[in-house]
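The chain below stands alone and is given in structure tokens; this is the form predicted alone.
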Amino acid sequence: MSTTSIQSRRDLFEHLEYTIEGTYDELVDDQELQPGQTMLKTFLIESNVTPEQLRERVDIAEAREVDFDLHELVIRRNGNDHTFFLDSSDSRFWTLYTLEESDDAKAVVKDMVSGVRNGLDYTWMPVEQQRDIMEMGEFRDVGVSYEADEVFSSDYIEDRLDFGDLSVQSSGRGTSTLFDILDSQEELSSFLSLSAVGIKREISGSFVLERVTHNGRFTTSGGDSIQLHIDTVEEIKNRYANLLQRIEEHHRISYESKEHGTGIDGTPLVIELDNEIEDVREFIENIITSKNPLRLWGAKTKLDDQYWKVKGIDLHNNDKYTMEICPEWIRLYLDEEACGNTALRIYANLQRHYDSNAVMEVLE
């Protein structure tokens, strides 16, 4: 990808619009892209660091300021260079644009957000927000991917779960009907974890084809307006940011010394489970392994039969957390300075890897 001609935000967006028009034409005419032709990928990243701090933590071969809060980054991975454009105009939610191959782009971003204490994370969209995306345009395709084997051991899956890996991919006119049929099956509903939804969005005569994953990756397979793509990303980001803000306003626990005792502000988050936990101790041992995607470490304490507490560290920012776990619910306590994205990572990944019907109430 030659980027020497891109000297401003406007240049970048004109280049990306030309790209999405081209990919759409090829897919309509030939149902496949030309060699070397790629789709636009846009990543929405939650950040607690500055772009300058990012450069200290990621192997960046070259960095160039293109425009205000817009940088071109050439990131090195396994000896290969990959080009991204980082828009940090929203300091909390960065947007990364790239035309790299999909697997390369995903691997670079995964490395970027998975480092210990690197201050970056995916935007973990709960099932409710993914279903809202379906309503933003004409429903085109869906990915259902229940991947318990990414979190739970083979023994736990064998003994406690109906599925270790359930995957359904569908596109075309029958997709909506297929999804409705699957969604109506009570015995399957806990395992219908959305991994991606695809829509065709049309506004004021312009259109864009978007596929949005559970962790904030947009793949644009066509369209005639980069502005409509930007607006779509912005709208979804704002919904997510609102949810995160409500968590941080109402559900971080702080303490204040008073004349007659201690005052407490904030309430814990409660995740109600539809798929009840059969053995709480085994469940905890599977979710505090420090591994992706949950990235939780901790020590467990038995409070009563099937009632345990975990005190630990979220490896995202090294924030402390406390969880109480029963078969029917999980109660999560965040420290007063904790990142609210911890709660959304736990919640969205429990929906994706254990119980898609889990519900977390967040105060308005």
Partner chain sequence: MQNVSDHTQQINAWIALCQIDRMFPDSLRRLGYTVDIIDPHFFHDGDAVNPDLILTSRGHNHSIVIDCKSKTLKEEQNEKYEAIHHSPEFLLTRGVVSSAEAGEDYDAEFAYSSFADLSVNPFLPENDFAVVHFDEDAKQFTIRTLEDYEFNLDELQAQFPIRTGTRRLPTDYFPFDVGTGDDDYQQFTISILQSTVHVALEQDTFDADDLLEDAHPLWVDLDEEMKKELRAHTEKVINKYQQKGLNEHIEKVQAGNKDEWKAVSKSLQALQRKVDEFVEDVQAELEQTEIGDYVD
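Positions refer to the first chain, counted from 1. What you see is a predicted model, and the numbers here were worked out from it, not measured in a lab.
This next part talks about the form predicted in complex with its partner chain, which is not shown.
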property: Heavy atom within 4.5 Å of its partner chain in the predicted bound form - the one residue of Ser290, Ser154, Asn238, Ser184 that qualifies; result: Ser290
property: Site test, His260, Gln306 and Tyr333 vs its partner chain in the predicted bound form, non-hydrogen atom cutoff 4.5 Å; result: yes
property: Options 206 to 214, 120 to 128, 261 to 269, 83 to 91; stretch whose heavy atom lies within 4.5 Å of its partner chain in the predicted bound form; result: 261 to 269
property: Proximity of Pro51 to its partner chain in the predicted bound form, heavy atoms at 4.5 Å; result: no
property: Interface membership of Lys320, its partner chain in the predicted bound form, 4.5 Å heavy atom rule; result: yes
property: Its partner chain contact at Glu56 in the predicted bound form, heavy atom, 4.5 Å; result: no
property: Its partner chain contact in the predicted bound form: Glu234, any heavy atom under 4.5 Å; result: no
property: Sequence-ordered list of residues in 325 to 353 near its partner chain in the predicted bound form, where near means a heavy atom within 4.5 Å; result: Cys326, Pro327, Glu328, Trp329, Arg331, Tyr333
